[in-house]
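Consider the single chain below, provided in C-alpha coordinates and representing the form predicted alone.
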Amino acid sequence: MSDLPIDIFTIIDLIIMSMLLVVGIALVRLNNLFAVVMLYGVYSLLAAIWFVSLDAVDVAFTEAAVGAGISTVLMLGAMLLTSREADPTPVLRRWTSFLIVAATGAALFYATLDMPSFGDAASPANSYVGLQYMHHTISEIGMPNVVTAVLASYRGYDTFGETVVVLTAGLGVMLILGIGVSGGQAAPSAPEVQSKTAKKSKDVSVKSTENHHIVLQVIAKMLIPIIVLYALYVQFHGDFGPGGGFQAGVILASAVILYSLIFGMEETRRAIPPRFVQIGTALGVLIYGGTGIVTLALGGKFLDYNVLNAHDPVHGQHLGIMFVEIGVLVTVASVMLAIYYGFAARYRELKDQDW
(Lines give C-alpha, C1' and ligand atoms only; values in the text may rest on other atoms or scores of the structure.)
Protein backbone atom coordinates (compact mmCIF):
# COMPACT_ATOMS: atom_id res chain seq x y z
CA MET A 1 0.00 0.00 0.00
CA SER A 2 2.88 2.39 0.68
CA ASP A 3 3.90 2.25 -3.03
CA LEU A 4 0.56 3.60 -4.17
CA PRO A 5 0.41 7.37 -4.82
CA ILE A 6 -2.94 7.59 -2.98
CA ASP A 7 -3.97 5.15 -0.25
CA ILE A 8 -7.42 3.60 0.03
CA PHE A 9 -8.48 5.86 2.91
CA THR A 10 -7.80 8.98 0.87
CA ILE A 11 -9.91 7.57 -1.96
CA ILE A 12 -12.74 6.85 0.48
CA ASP A 13 -12.54 10.39 1.86
CA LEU A 14 -12.66 11.86 -1.65
CA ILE A 15 -15.69 9.73 -2.53
CA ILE A 16 -17.55 10.77 0.63
CA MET A 17 -16.69 14.46 0.07
CA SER A 18 -17.97 14.21 -3.49
CA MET A 19 -21.21 12.67 -2.28
CA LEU A 20 -21.60 15.42 0.33
CA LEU A 21 -21.11 18.02 -2.39
CA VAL A 22 -23.72 16.40 -4.63
CA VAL A 23 -26.26 16.15 -1.80
CA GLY A 24 -25.57 19.77 -0.80
CA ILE A 25 -26.20 21.01 -4.33
CA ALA A 26 -29.40 18.97 -4.50
CA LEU A 27 -30.57 20.47 -1.20
CA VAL A 28 -30.35 24.07 -2.39
CA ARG A 29 -32.12 23.28 -5.66
CA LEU A 30 -35.16 21.49 -4.21
CA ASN A 31 -38.43 23.16 -3.25
CA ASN A 32 -40.15 20.09 -1.82
CA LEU A 33 -39.64 20.26 1.94
CA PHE A 34 -40.12 16.54 2.48
CA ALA A 35 -37.33 15.77 0.02
CA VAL A 36 -35.14 18.40 1.66
CA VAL A 37 -35.61 16.85 5.10
CA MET A 38 -34.81 13.38 3.76
CA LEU A 39 -31.67 14.64 2.04
CA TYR A 40 -30.61 16.40 5.24
CA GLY A 41 -30.72 13.01 6.92
CA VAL A 42 -28.63 11.52 4.10
CA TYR A 43 -26.16 14.40 4.39
CA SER A 44 -25.79 13.84 8.14
CA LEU A 45 -25.32 10.11 7.64
CA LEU A 46 -22.57 10.73 5.05
CA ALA A 47 -20.93 13.20 7.44
CA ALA A 48 -21.01 10.56 10.19
CA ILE A 49 -19.32 8.06 7.86
CA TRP A 50 -16.67 10.65 7.03
CA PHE A 51 -16.02 11.28 10.74
CA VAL A 52 -15.51 7.55 11.23
CA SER A 53 -12.98 7.59 8.40
CA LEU A 54 -11.19 10.42 10.22
CA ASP A 55 -11.16 8.38 13.48
CA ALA A 56 -13.54 10.83 15.18
CA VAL A 57 -15.85 8.07 16.36
CA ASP A 58 -17.55 10.01 19.17
CA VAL A 59 -18.34 12.88 16.80
CA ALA A 60 -19.63 10.39 14.23
CA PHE A 61 -21.87 8.78 16.85
CA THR A 62 -23.34 12.14 17.79
CA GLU A 63 -23.83 13.14 14.15
CA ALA A 64 -25.63 9.88 13.35
CA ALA A 65 -27.87 10.03 16.42
CA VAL A 66 -28.68 13.74 16.34
CA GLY A 67 -28.23 14.78 12.71
CA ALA A 68 -29.49 11.72 10.84
CA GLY A 69 -31.80 10.52 13.61
CA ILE A 70 -33.75 12.78 15.91
CA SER A 71 -33.31 15.97 13.85
CA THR A 72 -34.93 14.35 10.83
CA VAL A 73 -37.93 13.28 12.91
CA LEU A 74 -38.30 16.72 14.49
CA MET A 75 -38.08 18.48 11.12
CA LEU A 76 -40.76 16.14 9.79
CA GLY A 77 -42.88 17.12 12.78
CA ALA A 78 -42.29 20.79 12.08
CA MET A 79 -43.17 20.24 8.43
CA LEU A 80 -46.68 19.15 9.51
CA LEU A 81 -47.32 22.77 10.47
CA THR A 82 -46.51 24.17 7.05
CA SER A 83 -46.87 23.35 3.37
CA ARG A 84 -44.76 20.73 1.63
CA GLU A 85 -43.60 23.07 -1.12
CA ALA A 86 -41.43 26.11 -0.49
CA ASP A 87 -42.34 29.36 -2.17
CA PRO A 88 -40.25 30.15 -5.27
CA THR A 89 -37.24 32.31 -4.44
CA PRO A 90 -36.88 35.52 -6.51
CA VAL A 91 -33.99 35.40 -8.96
CA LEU A 92 -32.21 38.41 -7.43
CA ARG A 93 -32.34 36.94 -3.93
CA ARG A 94 -31.18 33.56 -5.24
CA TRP A 95 -28.09 35.00 -6.91
CA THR A 96 -27.36 37.21 -3.89
CA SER A 97 -27.46 34.17 -1.62
CA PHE A 98 -25.23 32.26 -4.03
CA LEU A 99 -22.62 35.02 -4.07
CA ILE A 100 -22.61 35.26 -0.27
CA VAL A 101 -22.18 31.49 0.11
CA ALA A 102 -19.48 31.40 -2.58
CA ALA A 103 -17.55 34.23 -0.92
CA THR A 104 -17.81 32.56 2.48
CA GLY A 105 -16.70 29.23 1.06
CA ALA A 106 -13.73 30.84 -0.69
CA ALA A 107 -12.68 32.52 2.58
CA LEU A 108 -12.90 29.20 4.43
CA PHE A 109 -10.84 27.41 1.78
CA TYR A 110 -8.23 30.19 1.95
CA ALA A 111 -8.11 29.84 5.75
CA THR A 112 -7.32 26.13 5.47
CA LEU A 113 -3.95 27.03 3.91
CA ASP A 114 -2.73 28.13 7.35
CA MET A 115 -4.00 25.01 9.12
CA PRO A 116 -1.54 22.30 10.18
CA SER A 117 -1.48 19.03 8.30
CA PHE A 118 -3.92 16.35 9.34
CA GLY A 119 -2.41 14.30 12.18
CA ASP A 120 0.51 16.69 12.71
CA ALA A 121 1.93 15.91 16.17
CA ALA A 122 3.09 19.52 16.56
CA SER A 123 -0.33 21.04 15.85
CA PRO A 124 -2.06 23.00 18.67
CA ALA A 125 -4.73 20.30 19.00
CA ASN A 126 -2.06 17.69 19.75
CA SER A 127 0.04 19.94 22.00
CA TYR A 128 -0.37 21.91 25.20
CA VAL A 129 -3.57 21.02 27.08
CA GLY A 130 -4.60 18.30 24.62
CA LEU A 131 -1.31 16.54 25.20
CA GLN A 132 -1.80 16.84 28.96
CA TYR A 133 -5.22 15.20 28.66
CA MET A 134 -3.70 12.24 26.83
CA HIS A 135 -0.90 11.85 29.37
CA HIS A 136 -2.91 12.19 32.59
CA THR A 137 -6.40 10.83 31.81
CA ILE A 138 -5.64 7.23 32.75
CA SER A 139 -3.90 8.11 36.04
CA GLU A 140 -6.27 10.91 37.12
CA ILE A 141 -9.62 9.77 35.68
CA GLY A 142 -9.03 6.08 34.98
CA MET A 143 -11.12 5.95 31.80
CA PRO A 144 -10.04 4.50 28.46
CA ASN A 145 -12.29 6.93 26.57
CA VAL A 146 -10.44 10.23 26.78
CA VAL A 147 -13.33 12.10 25.12
CA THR A 148 -15.71 11.24 27.97
CA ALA A 149 -13.09 12.14 30.56
CA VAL A 150 -12.47 15.53 28.95
CA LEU A 151 -16.14 16.43 28.45
CA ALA A 152 -17.46 15.26 31.81
CA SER A 153 -14.50 15.97 34.09
CA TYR A 154 -11.76 18.24 32.77
CA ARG A 155 -14.29 20.42 30.90
CA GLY A 156 -17.27 19.73 33.14
CA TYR A 157 -18.11 23.44 33.27
CA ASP A 158 -18.46 23.58 29.48
CA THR A 159 -20.66 20.50 29.35
CA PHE A 160 -22.81 21.91 32.13
CA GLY A 161 -23.27 25.05 30.04
CA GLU A 162 -24.17 22.97 27.00
CA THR A 163 -26.78 21.10 29.04
CA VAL A 164 -28.27 24.42 30.13
CA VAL A 165 -28.36 25.48 26.47
CA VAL A 166 -30.33 22.32 25.62
CA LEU A 167 -32.73 23.12 28.47
CA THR A 168 -33.11 26.69 27.16
CA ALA A 169 -33.94 25.38 23.68
CA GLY A 170 -36.62 23.11 25.14
CA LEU A 171 -38.08 25.96 27.19
CA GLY A 172 -38.20 28.14 24.07
CA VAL A 173 -40.16 25.51 22.16
CA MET A 174 -42.54 24.96 25.08
CA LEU A 175 -43.16 28.72 25.38
CA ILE A 176 -43.88 29.02 21.64
CA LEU A 177 -45.77 25.80 20.90
CA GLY A 178 -46.65 24.47 24.34
CA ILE A 179 -46.47 20.80 25.20
CA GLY A 180 -50.13 19.81 25.26
CA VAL A 181 -50.67 20.17 29.02
CA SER A 182 -54.21 21.30 29.83
CA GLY A 183 -53.96 21.70 33.59
CA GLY A 184 -56.07 24.32 35.30
CA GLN A 185 -59.02 24.30 32.91
CA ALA A 186 -62.64 24.63 34.03
CA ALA A 187 -65.10 21.77 33.92
CA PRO A 188 -66.52 21.18 30.42
CA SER A 189 -70.00 22.43 29.62
CA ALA A 190 -72.85 20.28 28.28
CA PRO A 191 -72.18 21.16 24.61
CA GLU A 192 -68.50 20.34 25.14
CA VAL A 193 -69.44 16.96 26.64
CA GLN A 194 -71.64 16.21 23.63
CA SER A 195 -68.84 17.27 21.30
CA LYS A 196 -66.37 15.01 23.10
CA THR A 197 -68.84 12.11 22.91
CA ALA A 198 -69.22 12.56 19.18
CA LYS A 199 -65.49 12.83 18.80
CA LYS A 200 -65.00 9.66 20.84
CA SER A 201 -67.30 7.75 18.50
CA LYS A 202 -65.27 9.12 15.60
CA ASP A 203 -62.06 7.93 17.27
CA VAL A 204 -63.54 4.43 17.60
CA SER A 205 -64.22 4.34 13.88
CA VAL A 206 -60.71 5.59 13.22
CA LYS A 207 -59.25 2.85 15.45
CA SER A 208 -61.16 0.25 13.49
CA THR A 209 -59.23 1.32 10.38
CA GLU A 210 -55.86 1.01 12.14
CA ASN A 211 -55.79 -2.79 12.13
CA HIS A 212 -53.62 -2.73 9.03
CA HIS A 213 -50.82 -1.36 11.24
CA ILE A 214 -50.62 -4.65 13.13
CA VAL A 215 -47.33 -5.60 11.44
CA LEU A 216 -45.75 -2.27 12.37
CA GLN A 217 -47.01 -2.60 15.92
CA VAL A 218 -45.54 -6.07 16.35
CA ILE A 219 -42.18 -5.00 14.92
CA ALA A 220 -42.19 -1.85 17.07
CA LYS A 221 -42.84 -3.91 20.22
CA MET A 222 -39.80 -5.97 19.32
CA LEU A 223 -37.54 -3.03 18.45
CA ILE A 224 -38.42 -0.49 21.15
CA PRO A 225 -37.06 -2.55 24.10
CA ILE A 226 -33.87 -3.16 22.13
CA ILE A 227 -33.53 0.56 21.40
CA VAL A 228 -34.03 1.42 25.07
CA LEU A 229 -31.50 -1.23 26.10
CA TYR A 230 -29.03 0.14 23.56
CA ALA A 231 -29.55 3.65 24.94
CA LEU A 232 -28.67 2.38 28.42
CA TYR A 233 -25.63 0.60 26.98
CA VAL A 234 -24.46 3.81 25.31
CA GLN A 235 -25.06 5.69 28.57
CA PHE A 236 -23.13 3.41 30.90
CA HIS A 237 -20.51 2.20 28.42
CA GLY A 238 -19.44 5.71 27.45
CA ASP A 239 -16.45 5.38 29.80
CA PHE A 240 -14.94 2.66 27.62
CA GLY A 241 -16.20 3.46 24.11
CA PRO A 242 -18.09 6.07 22.10
CA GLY A 243 -21.22 7.33 23.82
CA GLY A 244 -22.48 9.23 26.81
CA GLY A 245 -25.49 11.17 28.01
CA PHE A 246 -26.07 13.20 24.85
CA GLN A 247 -26.17 10.22 22.50
CA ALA A 248 -28.08 8.02 24.96
CA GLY A 249 -30.69 10.73 25.56
CA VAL A 250 -31.33 11.11 21.85
CA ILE A 251 -31.61 7.34 21.33
CA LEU A 252 -34.00 7.01 24.27
CA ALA A 253 -36.19 9.83 22.92
CA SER A 254 -36.16 8.16 19.50
CA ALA A 255 -37.65 5.01 21.05
CA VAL A 256 -40.52 7.03 22.55
CA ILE A 257 -41.11 8.89 19.28
CA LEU A 258 -41.20 5.58 17.39
CA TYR A 259 -43.81 4.36 19.86
CA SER A 260 -45.82 7.52 19.24
CA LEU A 261 -45.65 7.17 15.45
CA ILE A 262 -46.90 3.57 15.59
CA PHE A 263 -49.37 3.55 18.49
CA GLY A 264 -50.57 7.15 18.45
CA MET A 265 -49.98 10.28 20.49
CA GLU A 266 -52.69 9.55 23.06
CA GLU A 267 -51.11 6.23 24.02
CA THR A 268 -47.73 7.95 24.31
CA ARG A 269 -49.13 10.69 26.56
CA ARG A 270 -50.65 8.07 28.83
CA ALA A 271 -47.34 6.21 29.04
CA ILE A 272 -45.21 9.36 29.48
CA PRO A 273 -47.39 12.32 30.53
CA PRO A 274 -46.27 15.78 29.36
CA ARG A 275 -45.86 16.82 33.01
CA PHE A 276 -43.11 14.22 33.42
CA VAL A 277 -41.39 15.56 30.33
CA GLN A 278 -41.53 19.11 31.68
CA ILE A 279 -40.07 17.99 35.00
CA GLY A 280 -37.36 16.00 33.26
CA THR A 281 -36.10 18.99 31.26
CA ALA A 282 -35.11 20.76 34.47
CA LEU A 283 -34.38 17.67 36.57
CA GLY A 284 -31.38 16.69 34.48
CA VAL A 285 -29.76 20.11 34.92
CA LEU A 286 -30.50 19.93 38.65
CA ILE A 287 -28.80 16.52 38.85
CA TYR A 288 -25.77 17.89 37.02
CA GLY A 289 -25.57 21.07 39.08
CA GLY A 290 -26.45 19.19 42.26
CA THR A 291 -23.38 17.02 41.77
CA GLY A 292 -21.30 20.18 41.79
CA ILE A 293 -23.07 21.43 44.92
CA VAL A 294 -22.27 18.14 46.68
CA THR A 295 -18.58 18.50 45.80
CA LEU A 296 -18.63 22.01 47.27
CA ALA A 297 -20.29 20.74 50.43
CA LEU A 298 -17.59 18.09 50.79
CA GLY A 299 -14.88 20.75 50.73
CA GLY A 300 -13.83 20.53 47.10
CA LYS A 301 -14.31 22.78 44.10
CA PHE A 302 -17.42 22.84 41.95
CA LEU A 303 -17.54 19.60 39.92
CA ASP A 304 -14.31 18.35 41.54
CA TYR A 305 -15.25 14.69 41.72
CA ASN A 306 -12.16 13.63 43.67
CA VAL A 307 -13.82 14.57 46.96
CA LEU A 308 -16.68 12.12 46.35
CA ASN A 309 -14.29 9.39 47.51
CA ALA A 310 -11.39 10.81 49.50
CA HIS A 311 -9.73 7.39 49.81
CA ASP A 312 -9.89 6.65 46.06
CA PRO A 313 -10.04 9.84 43.94
CA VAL A 314 -10.26 7.85 40.69
CA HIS A 315 -13.41 6.11 41.97
CA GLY A 316 -14.74 9.55 42.94
CA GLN A 317 -14.18 10.67 39.34
CA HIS A 318 -16.17 7.68 38.12
CA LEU A 319 -19.04 8.49 40.48
CA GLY A 320 -19.13 12.16 39.50
CA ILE A 321 -19.03 11.42 35.78
CA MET A 322 -21.81 8.85 36.17
CA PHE A 323 -24.07 11.36 37.94
CA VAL A 324 -23.50 14.21 35.50
CA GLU A 325 -23.99 11.90 32.52
CA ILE A 326 -27.31 10.78 34.00
CA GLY A 327 -28.26 14.45 34.28
CA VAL A 328 -27.36 15.00 30.63
CA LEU A 329 -29.39 11.92 29.64
CA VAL A 330 -32.51 13.12 31.48
CA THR A 331 -32.37 16.67 30.10
CA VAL A 332 -31.58 15.71 26.50
CA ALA A 333 -34.25 12.98 26.32
CA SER A 334 -36.86 15.23 27.96
CA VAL A 335 -36.11 18.21 25.71
CA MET A 336 -36.30 16.06 22.57
CA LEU A 337 -39.68 14.73 23.71
CA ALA A 338 -40.86 18.22 24.68
CA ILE A 339 -40.09 19.48 21.17
CA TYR A 340 -41.87 16.51 19.60
CA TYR A 341 -44.85 16.87 21.93
CA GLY A 342 -45.03 20.56 21.06
CA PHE A 343 -45.17 19.95 17.32
CA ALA A 344 -47.60 17.04 17.68
CA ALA A 345 -49.94 19.00 19.97
CA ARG A 346 -49.92 22.01 17.65
CA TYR A 347 -50.67 19.80 14.65
CA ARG A 348 -53.58 18.20 16.50
CA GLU A 349 -54.99 21.62 17.39
CA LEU A 350 -54.88 22.66 13.75
CA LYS A 351 -56.63 19.43 12.70
CA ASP A 352 -59.34 19.94 15.31
CA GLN A 353 -59.91 23.49 14.07
CA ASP A 354 -60.20 22.26 10.47
CA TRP A 355 -62.61 19.54 11.59
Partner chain sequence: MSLMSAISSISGLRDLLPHAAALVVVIPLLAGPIAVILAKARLAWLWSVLVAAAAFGLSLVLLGTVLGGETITYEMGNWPAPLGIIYYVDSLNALVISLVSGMALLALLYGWPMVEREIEPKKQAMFFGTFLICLAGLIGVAITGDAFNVFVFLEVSSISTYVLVAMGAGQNRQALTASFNYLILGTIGATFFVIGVGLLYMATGTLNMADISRLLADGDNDRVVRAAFSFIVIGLGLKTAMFPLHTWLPNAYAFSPSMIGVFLASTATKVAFYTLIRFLFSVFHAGAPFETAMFDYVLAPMAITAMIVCSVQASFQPDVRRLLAYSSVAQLGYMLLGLSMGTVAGLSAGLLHMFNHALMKGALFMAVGLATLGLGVIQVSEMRGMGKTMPLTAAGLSIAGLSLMGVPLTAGFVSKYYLVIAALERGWWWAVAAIVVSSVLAIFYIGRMIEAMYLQKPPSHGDDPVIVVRSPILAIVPLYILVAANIWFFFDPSVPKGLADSAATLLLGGGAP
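Residue numbers count along the first chain shown, from 1. Everything numeric in this text was worked out from a predicted model, so none of it was measured.
This next part talks about the form predicted together with its partner chain, which is not shown.
> Only one of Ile138, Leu232, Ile279, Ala86 has a non-hydrogen atom within 4.5 angstroms of its partner chain in the model of the complex; which is it?
Replying inline: The option sitting close enough to the partner is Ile279.
> Can any non-hydrogen atom of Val146 be found within 4.5 angstroms of its partner chain in the model of the complex?
Replying inline: No, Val146 is distant from the partner.
> Might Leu303 be said to contact its partner chain in the model of the complex, defining contact as any heavy atom within 4.5 Å?
Replying inline: Yes.
> Quick one: is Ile176 in contact with its partner chain in the model of the complex, heavy atoms, 4.5 Å cut-off?
Replying inline: Heavy-atom contact with its partner chain at 4.5 Å: present for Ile176.
>> I'd like to know whether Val28 contacts its partner chain in the model of the complex, with contact meaning heavy atoms within 4.5 angstroms.
In response: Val28: no contact with its partner chain in the model of the complex.
>> Does its partner chain, in the model of the complex, lie within 4.5 angstroms of each residue among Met17, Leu92 and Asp120, using heavy atoms as the measure?
In response: Answer is no for this spot.
> Who in 151-169 is close to its partner chain in the model of the complex, meaning a heavy atom within 4.5 Å?
Replying inline: Those in contact are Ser153, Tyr154, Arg155, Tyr157, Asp158, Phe160, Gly161, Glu162, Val164, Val165, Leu167, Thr168, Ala169.
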